[in-house]
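Look below for two forms of one protein chain, each set out as structure tokens: first structure 1, then structure 2.
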Structure 1
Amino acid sequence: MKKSFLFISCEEAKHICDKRQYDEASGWERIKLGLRLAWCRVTRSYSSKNNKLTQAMKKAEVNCLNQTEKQNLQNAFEQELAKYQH
């Protein structure tokens, strides 16, 4: 069975939905997600819950780490990641 470039799996749709939540999805990915949302009840439900989560996070205005702490965490993550890439 040939994979269609236009129709995506439910798993891929969920991944794109997550990317869209953080404004990281491309225009083409959004089009494919829109087609999937038009006919897939499971993906629509996931997308709806994702949108509710996004709105709740925006309302909460959560600010846990200051910029220095974020940078330290990012540096530590990159150092650990570098250990496994060689």
Structure 2
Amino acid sequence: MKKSFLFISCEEAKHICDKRQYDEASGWERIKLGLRLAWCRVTRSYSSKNNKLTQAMKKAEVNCLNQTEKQNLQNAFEQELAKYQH
């Protein structure tokens, strides 16, 4: 029981690593992740790939439509599409 207080599983480490990409990991979670990263090669590899993905997303500044914009587009398109399907 005490062990899990500080030592976490690989799965939990990956989960914290995911949360950290969005600045949603707490300070305590980051400490636990740091400890795991110090000795677990699998977590280190996952973390490295995950960080690279975050950096790539930031660098590319990709954009997309939000739900409302997409719905508006869909509605306008469906109206027009109906004309071609009759």
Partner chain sequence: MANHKIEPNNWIKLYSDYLFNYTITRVSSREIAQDLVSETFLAGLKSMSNFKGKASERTWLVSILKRKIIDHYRKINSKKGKAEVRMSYNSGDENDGDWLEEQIADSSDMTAQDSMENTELGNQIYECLSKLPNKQAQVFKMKTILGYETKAICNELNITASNLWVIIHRARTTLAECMEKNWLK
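Keep in mind that this is a model prediction, so the values were computed, not measured. One-based numbering along structure 1's sequence throughout. For clarity, a rigid core is taken as the largest C-alpha set superposing within 1.5 Å between two forms.
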Self-check item: Matching structure (the form predicted together with its partner chain), either 1 or 2
Solution: 2
Practice problem: Note yes or no: does the Cα of residue 78 move by 2 Å or more between structures 1 and 2 after the core is superposed? | Solution: yes
Quiz prompt | Shift of residue 24 between structures 1 and 2 at or above 2 Å (CA, core fit) | solution = no
